[in-house]
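Single chain ahead, written as structure tokens, the form predicted on its own.
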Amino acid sequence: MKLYCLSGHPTLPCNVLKFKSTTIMLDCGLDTTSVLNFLPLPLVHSPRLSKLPGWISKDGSINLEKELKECAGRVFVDSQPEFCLPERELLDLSTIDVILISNYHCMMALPYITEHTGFTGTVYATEPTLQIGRLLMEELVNFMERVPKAQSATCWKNKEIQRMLPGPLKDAVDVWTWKRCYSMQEVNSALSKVQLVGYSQKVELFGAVQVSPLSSGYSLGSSNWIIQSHHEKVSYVSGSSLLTTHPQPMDQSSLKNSDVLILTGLTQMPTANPDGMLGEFCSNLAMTIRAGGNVLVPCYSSGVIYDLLECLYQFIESANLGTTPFYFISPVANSSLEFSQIFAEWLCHNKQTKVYLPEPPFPHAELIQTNKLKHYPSIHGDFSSEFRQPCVVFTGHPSLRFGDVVHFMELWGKSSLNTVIFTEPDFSYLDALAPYQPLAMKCVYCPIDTRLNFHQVSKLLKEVQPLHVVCPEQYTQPPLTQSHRSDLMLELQPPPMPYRRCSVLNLPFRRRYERVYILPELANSLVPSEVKPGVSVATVSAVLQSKDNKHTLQSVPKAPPVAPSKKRKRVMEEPPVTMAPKPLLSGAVPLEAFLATLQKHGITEVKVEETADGHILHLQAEDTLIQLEEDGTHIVCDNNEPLRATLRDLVLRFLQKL
């Protein structure tokens, strides 16, 4: 059993498991942190960004004025932002049989895998994962296509040139694997390969293994996966949460008795408590609005935003913010808000019960009805005529490199009354803000990450007790910035097996057993013999047929009678040659009784020697050795066949024939 690790990002995993003749890809996360090296794409022409000076090395030897621009003391690539893809050279991706998706954030690289590698398999995901994943992909494509950039920057990626660049461009890894965004056509083609599954539904893969998704408690439809054969079990835990938020709670008990547990997607903010961050989010928002400023929340169009809106719904009245407009701007804003209301069976119990009242499970439905929350596909059109300040705007993309958020950063960045509140943990907020410096607006960092922290995961592993744990190497050491915090890492016995991008792990358990079926007519012909109370044994002569990873014992076909003829016809399929089975022997030869029997037959000079496995009897007068062992008896007798046969018959008296 092997694990190929194609992504180095612990919360955006992409691994391939080879298990019992099947090749299974576990998630295909897209590392979007690479976009922080690019200039923002403004929706409205920005004089500031269009007049930036090009970069030339100090000695003038490298001139990349067209590709690189200097902005706020840093150098950025001036082209369409590119993403860091999972590794595609480590193994032939066309051999992948299935892709299992755990949540909608971990499927963003799907079109790169299914459309450009010769992939012909099936993708399995839950319905909310598919639908919300589609929205996030659609939004990404929309953001890119609204602001097309003609040129593509490639010269800076040359190894010799990249070494000379200022950081962080100099330190960017695998830049040649970075790719531009896919098209909507590729998204539709990739998602047409998805087959929907429900929690605990068992899916057979070629008769070899069974896969089934379990609720992971992190987002709508998010799953952990169980991959098992008759005798082995692998659990894949990715992006799980034990907190009581809107999704169904995590199914922990089904993870028990795993031979290997692959652990990814822990919280990126182990020291930040989500409840505390929500409180801070609300208080900073209220403070800014009361002072007459605007609040900008760069966020994804699904996920934490549902919890933020719910929190604000409860907070608005008490904080006296009833008249403040809330705007949610995204090409998929309407679909996202609607989807969250219709996936009732994927929600936690108290939200499910609301559906039967009938009430909408999320309060943002009421915010929309009372006109407190308005949603728009973009800043163009209706929004520009209905927009009033001070207000709160939720929009993407959290990297601040593309989407409507770029316009608001340019519009509000110069006033200290306004505040930008970062709630998504995927990007360093200082790097995200770099091209907008110097900035007068206040910045508040309230990362809300509900995924498991190290304390919760240690407790979980104690309960489910897998034999082996595999995890990203980042989890086996404390964070670089807090090297003294040994509580921010996994400490397990035996220690977890770490992986990094491009590593191939041989998972430490061997398959020992295989299930074999026996046909009824063959079972009917067996004659069991009792070897000890409660234990019967039967010999069987059969043909083993293996097909579609199922093994069956069938009766041996009888040879058809050959008709006498001068010309012998060639038999198309000759039945296997069968020999009459030798009787099997069971039992043990008791030493004292055997010595007494030898004496009766006139063999008196016997020297007994004890060995680790039994006894050696030396018949001195006959110059013969008899080895009595637990699993066999050997008679060593030179040139005296009658004596050997006699001794053999004496031994057989004590054994049972099957």
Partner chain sequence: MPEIKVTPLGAGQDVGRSCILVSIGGKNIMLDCGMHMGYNDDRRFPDFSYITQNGRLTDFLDCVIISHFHLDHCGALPYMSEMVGYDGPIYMTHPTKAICPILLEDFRKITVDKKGETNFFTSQMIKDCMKKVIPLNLHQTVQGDYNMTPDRHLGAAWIDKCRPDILISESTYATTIRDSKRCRERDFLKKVHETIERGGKVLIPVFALGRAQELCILLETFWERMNLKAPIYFSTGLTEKANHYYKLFITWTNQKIRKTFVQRNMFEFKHIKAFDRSYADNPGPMVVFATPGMLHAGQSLQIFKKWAGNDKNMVIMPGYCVQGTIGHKILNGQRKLEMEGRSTLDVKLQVEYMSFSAHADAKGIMQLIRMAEPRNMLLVHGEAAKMEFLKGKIEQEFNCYMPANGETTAVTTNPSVPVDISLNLLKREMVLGGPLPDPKKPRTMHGTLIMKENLVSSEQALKELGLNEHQLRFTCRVQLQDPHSDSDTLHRIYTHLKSVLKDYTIQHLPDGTVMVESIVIKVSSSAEDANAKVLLLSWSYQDEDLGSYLSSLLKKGLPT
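Numbering follows the first chain given and starts at 1. Note that the structure is a prediction, hence the values are computed from the model and not measured. By rigid core we mean the largest C-alpha set that fits within 1.5 Å across both forms.
From this point on, the text means the form predicted in complex with its partner chain, which you will not see here.
Notebook entry, point to check: Out of 401-409, 351-359, 424-432, 386-394, where are the residues with a heavy atom within 4.5 Å of its partner chain in the model of the complex?
Noted result: Stretch 351-359 is the one.
Margin query: Using a 4.5 Å heavy atom cut-off, which residue among E514, E366, D382, D92 comes into contact with its partner chain in the model of the complex?
Written below: Answer to the contact question: E514.
Next item on the list: Sort through L519, C502, V173, C443 and report the residue having a heavy atom within 4.5 Å of its partner chain in the model of the complex.
Entry: For this set of options, the contacting one is L519.
Notebook entry, point to check: With the partner left out of view, is V211 within 4.5 angstroms of its partner chain in the model of the complex by any non-hydrogen atom?
Noted result: Answer no; every heavy atom of V211 is more than 4.5 Å from its partner chain in the model of the complex.
Next item on the list: May I ask you to check whether Y112 falls inside a 4.5 Å heavy atom distance of its partner chain in the model of the complex?
Entry: No.
Note to self: Does any part of D59 reach within 4.5 Å of its partner chain in the model of the complex? Heavy atoms only, please.
What the structure shows: Although its partner chain is absent here, D59 would stay clear of it in the model of the complex, with no heavy atoms inside 4.5 Å.
Check: Within a 4.5 Å heavy atom cut-off, is W178 in contact with its partner chain in the model of the complex?
Finding: W178: no, not in contact with its partner chain in the model of the complex.
Next item on the list: Could you list which residues of 239-266 come within 4.5 Å of its partner chain in the model of the complex, counting heavy atoms only?
Entry: Counting only heavy atoms within 4.5 Å of its partner chain in the model of the complex, no residue of 239-266 makes contact.
Item checked: Shift of L243 between the shown form and the other one at or above 2 Å (CA, core fit) -> It does not reach a 2 Å shift.
Item checked: Residue shift check between the shown form and the other one, rigid core fit, T646 Cα at least 2 Å -> Indeed, T646 is displaced by 2 Å or more.
Margin query: Tell me whether Q620 is among the residues that move between the shown form and the other one (Cα shift of 2 angstroms or more, core superposed).
Written below: Yes; Q620 is a residue whose C-alpha shifts (by 2 Å or more) between the shown form and the other one when the cores are overlaid.
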